[in-house]
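In structure tokens, the next block holds one chain alone, the form predicted on its own.
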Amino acid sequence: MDKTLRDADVLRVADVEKTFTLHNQGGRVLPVIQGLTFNLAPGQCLALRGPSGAGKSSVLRMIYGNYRTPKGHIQVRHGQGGDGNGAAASWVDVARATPQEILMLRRDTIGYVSQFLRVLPRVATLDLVKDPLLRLGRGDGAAEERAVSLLSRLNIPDRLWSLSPVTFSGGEQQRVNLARGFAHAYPLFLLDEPTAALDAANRRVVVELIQEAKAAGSAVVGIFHDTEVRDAVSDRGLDIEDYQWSGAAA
């Protein structure tokens, strides 16, 4: 275990740097993030702030392991009950992790709700929401009970549960995405504009889900363009523009 990490931390990001290589433009290198550093404890919500294109979603994707991190460290605490088996804690550096370790973190420790729902076209909505729990070894009955609770709470009519969400409206797809994302009590949630396509009533439900997750000890890193939502759930903010490369075009 990295001795520089406090036991209370769930996530520690240190000196992270990110560039993109534009292969279709002669290999031009586009610098984005430099020196990004923060830590997060259980029950805290950190709101990433900055204009569109500043690199906020890129930060979430680096933490989730979708984007390679060429420099710096992204340490995630895995275990101590986060895997559902009470395993002792260990630290996994996403920036150096193997594909198997990334998959382990995604199954047990890190929940990610993006702006878009990507699913197989023939998978029923109820099965889609149950899937994260089944992968963790939860029984089908318990998984279905949790899925039904979330779908009902997020106002997805039960007549739609047996259908694939690929034909749903944008707001319905986002609510299914949220139900799937919150099915398991992940120690760390990554939320990319979770209320972007929602009406006021469903935004309130999402705020409640985030607050409940925090109260249960989950940490959250989120992008919230809705100021009211951000103020309701976040404990502090981080301005991504403070970590952009000097002169970088975001």
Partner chain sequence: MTAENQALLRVRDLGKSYGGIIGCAEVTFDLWPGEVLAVVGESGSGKTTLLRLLHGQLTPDRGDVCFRDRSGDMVDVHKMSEPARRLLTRTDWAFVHQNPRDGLRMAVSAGGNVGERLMAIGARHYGQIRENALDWLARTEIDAARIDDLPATFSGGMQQRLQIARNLVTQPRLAFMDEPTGGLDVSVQARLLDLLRGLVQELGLAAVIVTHDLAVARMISHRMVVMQRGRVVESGLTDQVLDDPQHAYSQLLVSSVLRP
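Positions refer to the first chain, counted from 1. Everything numeric in this text was worked out from a predicted model, so none of it was measured.
Although not depicted, the form predicted together with its partner chain is the subject of the following passage.
Examine Gln100 and determine whether its closest non-hydrogen atom to its partner chain in the predicted complex is within 4.5 angstroms.
Yes, Gln100 lies within 4.5 Å of its partner chain in the predicted complex.
Check whether Asp131 has any heavy atom within 4.5 Å of a heavy atom of its partner chain in the predicted complex, and answer yes or no.
Asp131: yes, in contact with its partner chain in the predicted complex.
Taking any heavy atom pair closer than or equal to 4.5 Å as contact, tell me whether Thr227 reaches its partner chain in the predicted complex.
The answer is no: Thr227 has no heavy atom within 4.5 Å of its partner chain.
Is Thr37 near its partner chain? Define near as a heavy atom within 4.5 Å, in the predicted complex.
Thr37: no, not in contact with its partner chain in the predicted complex.
Among the candidate residues Ala89, Val166, Val123, Leu136, which is the single one with a non-hydrogen atom no more than 4.5 Å from its partner chain in the predicted complex?
Comparing distances to its partner chain in the predicted complex, the residue within 4.5 Å is Val123.
Heavy atoms within 4.5 Å of its partner chain in the predicted complex: which stretch in 62-70, 198-206, 185-193, 216-224 meets that?
That would be stretch 62-70.
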